[in-house]
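Shown here is one chain on its own, the form predicted alone, set out as structure tokens.
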């Protein structure tokens, strides 16, 4: 399989280590991975803010960049969701349909497509798992508590295979962290309150790290953690699975 690696804007600018970990992990799993240098934003921030038409050029560029790949893989549930479910505003050519159907978030690609064991990984720490809203209720990476369905969690499935990792959840299992993209700008106080509630829910469980498949959620939590000098770190699931968490031992 020929894989196109899509690295979202905020990861490229603020957390490049997550993009590197994603690439390295896919290579370890035997994938033929390609990074398209011409890639830019998928257009999600514009579209979600009500400027869908202004994001048309971003969407068309995304299709042009990734139409030749069997799958497009990204370490971001929100970007994958936007491409799969919101690209209906551009002309539905065969390339558009192909890219929309084949754009996957990293953990769902590993679990649903590769279906192969991970390389042996050790991470001897207590880790809290946050399920981002787009991944949880959009991509269905896990069962949402309000659906009353049988439990499943693709991210948890991968983390449970990591030696030494103790996975825990906050009391309120799948509550939003308060980021919500531009919501955190427009409703700053509400966003901060939600983020602090989420962080303290994990601190009550005495975790050393908070992880997620969405770096945007972790970016929001990381800002609140650093401003308050709290003794917990955020780390993308790709970094754990790639055994490349900075400063961890």
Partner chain sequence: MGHPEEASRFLANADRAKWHDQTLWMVRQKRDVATGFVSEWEELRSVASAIKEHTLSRLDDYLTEFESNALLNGIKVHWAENADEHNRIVLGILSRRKIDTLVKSKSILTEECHLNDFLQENGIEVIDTDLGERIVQFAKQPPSHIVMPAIHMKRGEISELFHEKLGTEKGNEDATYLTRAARKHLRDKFLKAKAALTGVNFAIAETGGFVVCTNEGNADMGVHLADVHIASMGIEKLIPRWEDLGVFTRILARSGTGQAITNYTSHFHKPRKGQELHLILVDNGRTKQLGREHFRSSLKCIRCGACMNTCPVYRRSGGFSYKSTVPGPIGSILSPGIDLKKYSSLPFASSLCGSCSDVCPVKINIHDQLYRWRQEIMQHNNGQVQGKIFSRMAGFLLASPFWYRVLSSMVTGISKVFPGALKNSFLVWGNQREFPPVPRQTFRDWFDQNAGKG
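Because the structure is a prediction, the values reported are computed rather than measured. Numbering follows the first chain given and starts at 1.
What comes next is about the form predicted in complex with the partner chain, which is not displayed.
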item: Distance check, residue 50 to the partner chain in the predicted complex, heavy atom within 4.5 Å; value: yes
item: Contact of residue 191 with the partner chain in the predicted complex (heavy atom, 4.5 Å); value: yes
item: 4.5 Å heavy atom contact, residue 144 to the partner chain in the predicted complex; value: yes
item: Contact of residue 175 with the partner chain in the predicted complex (heavy atom, 4.5 Å); value: yes
item: Partner-facing stretch of 93 to 101, 154 to 162, 80 to 88, 108 to 116, counted where any non-hydrogen atom is within 4.5 angstroms of the partner chain in the predicted complex; value: 80 to 88
item: Contacts with the partner chain in the predicted complex - residues in 27 to 59 whose heavy atoms fall within 4.5 Å; value: 35, 37, 38, 39, 40, 41, 46, 47, 48, 49, 50, 51, 52, 53, 54, 57, 58
